[in-house]
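Next comes just one chain, in structure tokens: the form predicted on its own.
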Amino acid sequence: MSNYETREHDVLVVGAGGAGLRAAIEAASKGLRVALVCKSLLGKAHTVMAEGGIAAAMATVDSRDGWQTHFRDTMIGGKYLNNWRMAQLHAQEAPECVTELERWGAVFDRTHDGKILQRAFGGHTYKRLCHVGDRTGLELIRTLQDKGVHSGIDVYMECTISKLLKDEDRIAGAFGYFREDGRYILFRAKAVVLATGGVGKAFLVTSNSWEYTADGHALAYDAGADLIDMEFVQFHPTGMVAPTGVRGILVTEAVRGEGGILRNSLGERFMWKYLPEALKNDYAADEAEAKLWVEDTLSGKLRTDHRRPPELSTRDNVARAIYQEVKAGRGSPSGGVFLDISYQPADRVKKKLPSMYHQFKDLADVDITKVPMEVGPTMHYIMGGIRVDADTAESRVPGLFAAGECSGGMHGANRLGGNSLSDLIVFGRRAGRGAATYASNLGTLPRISDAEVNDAIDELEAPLKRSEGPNPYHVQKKMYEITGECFSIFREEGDLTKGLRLMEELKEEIKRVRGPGGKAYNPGWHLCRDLRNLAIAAEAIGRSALSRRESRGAHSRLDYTETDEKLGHENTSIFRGPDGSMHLEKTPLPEMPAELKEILKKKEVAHA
């Protein structure tokens, strides 16, 4: 068949957020032909939603910080289920990557003596987040996009990749279509980097935008890669809860990092009740002690005689606390709790949190300098993703690399705020470098058979040709009901089993969905494809959650409420079996070197 165009490149990067842009820049710097495919417009990436900052142990505000403490915080936040090598590389290389961004033109907020300003965030021992007000992700994308365009990268916008193609066991390219009119395109490439983000649209209430339909997870799964840690879904504690049309939109953790206070409908500052016993010494013991921390924040002075407030506990803990307060009848009128920063000077709030001020003013007609915000948990991030090698970011499929949220291992059972942006640039760079090395050593382009391309076309066109079948939007609504009721913040065996049974029925409906009309401007047709990807992610979440009989990090079981130390040495791995069905196995964590184990044992660590 010849009804598609063909483009040839050394490296194909799928996804144009922070990880994809950084990977493409790195591969192009090696003199290779690089293509960057984005599902939406260039610059319209979910990276812009990471508003609070980039976590990097720059030690510009607190000289006690260093990579060892950042590594320790990341491992503790991930409940020690992280790939230790990824956490180590991330902590060591994040400062260098931030400096690189600055060299490329990123404009960060500054201390009085001209250094990059850093703010506090949940789970971080010291003030560690380099930021640009509360628009840090936007600045990162602006910087990388400008650098990428000037690096000679070929960009294909509003293009969806539907299938990865292989030459025997190795990657040979990808097939996709342009969303505007359905034109097909075949990319021949020596290496492919997936940087497609997360799976948020598998849930009704999510901070994620429409692009987050598990594309990378599903593409890799279908190509033979395995997914790990899919049970760990992070519900950000603070999303907007009203009005209904904006429910789930992110309220950055920077609000709490700048001194925002959480209260229930009784006016109680409730987070003290939910602090884990083992970590209580890390947080203020009462209101008076927490007030000292706020004074520190307002004055900009470095204080060492008090602990951070309970609102800066890890995201999983804060999300569960809010959920429990609402369930106990102590929620706000719109079904959340109150987040208050109105006690601070209005000018400071507008300066430090400009996006949040305008977001609430424009979308909810709420002035956060005068009244509290109403917030509640929203599906925000998935720690699980494609299993990759820490150093090269390559999956077990030769020539297939991954970085960013669609890859797994870095964050373990729970991601700390701010670690997402540094993850993108550290492992985006490593993925680009790994793909470039692989492509340079490969020689000629791998072969792609006509039959494989024809199969990809037939799969895409099947919903258009059906005379009858389920409406994809009705099927999507059923998926939301399953994930919301069975795979959400709190889980138990009965619900998980029920959810998986319903997912089997839903998968059969997805095979028969119909997207009537032509390929041009047909969102129903796009959804037919997205549903298949989201079903893979949802099933992987359910199966992984059912298999983990404990509560750890972002995975909370009502029937197994305690953490089982015996289960802290293995990942849950999902892969596609020869029969096409989903299989699960437990795989041991890699052995951590003795010197890193010593870092984890110490409360205070010396920094090289």
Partner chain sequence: MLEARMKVWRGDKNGGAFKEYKVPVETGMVVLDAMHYIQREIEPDLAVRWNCKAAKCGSCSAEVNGRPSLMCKTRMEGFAQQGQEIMVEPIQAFPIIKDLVTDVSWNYEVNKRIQPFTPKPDADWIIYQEDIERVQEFRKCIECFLCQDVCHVIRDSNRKDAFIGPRFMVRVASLEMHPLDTGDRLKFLKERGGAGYCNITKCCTEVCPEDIHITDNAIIPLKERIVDEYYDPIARFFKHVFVKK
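Here the structure is a predicted model, which means the values were calculated and not measured. Numbering follows the first chain given and starts at 1.
As for the form predicted in complex with its partner chain, it is not shown, yet the points below apply to it.
Stretch-level contact check against its partner chain in the model of the complex with heavy atoms at 4.5 Å: of 38-46, 567-575, 552-560, 58-66, the positive one is 38-46. Contact annotation: of the candidates 495, 139, 452, 296, the single residue with a non-hydrogen atom within 4.5 angstroms of its partner chain in the model of the complex is 139. Distance criterion of 4.5 Å from any heavy atom to its partner chain in the model of the complex singles out 249 from the list 442, 390, 326, 249. No residue of the trio 307, 488 and 489 has any heavy atom within 4.5 Å of its partner chain in the model of the complex.
Although the partner is absent here, residue 274 sits far enough away that none of its heavy atoms falls within 4.5 Å of its partner chain in the model of the complex.
With a 4.5 Å cutoff on heavy atoms, residue 523 counts as touching its partner chain in the model of the complex.
Residue contact check for residue 343: none of its heavy atoms lie within 4.5 Å of its partner chain in the model of the complex. Among residues of the shown chain, residue 51 is one whose heavy atoms approach its partner chain to within 4.5 Å in the model of the complex. Residues are counted as partner-facing when one of their heavy atoms sits within 4.5 Å of its partner chain in the model of the complex; in 336-352 only 351 qualifies.
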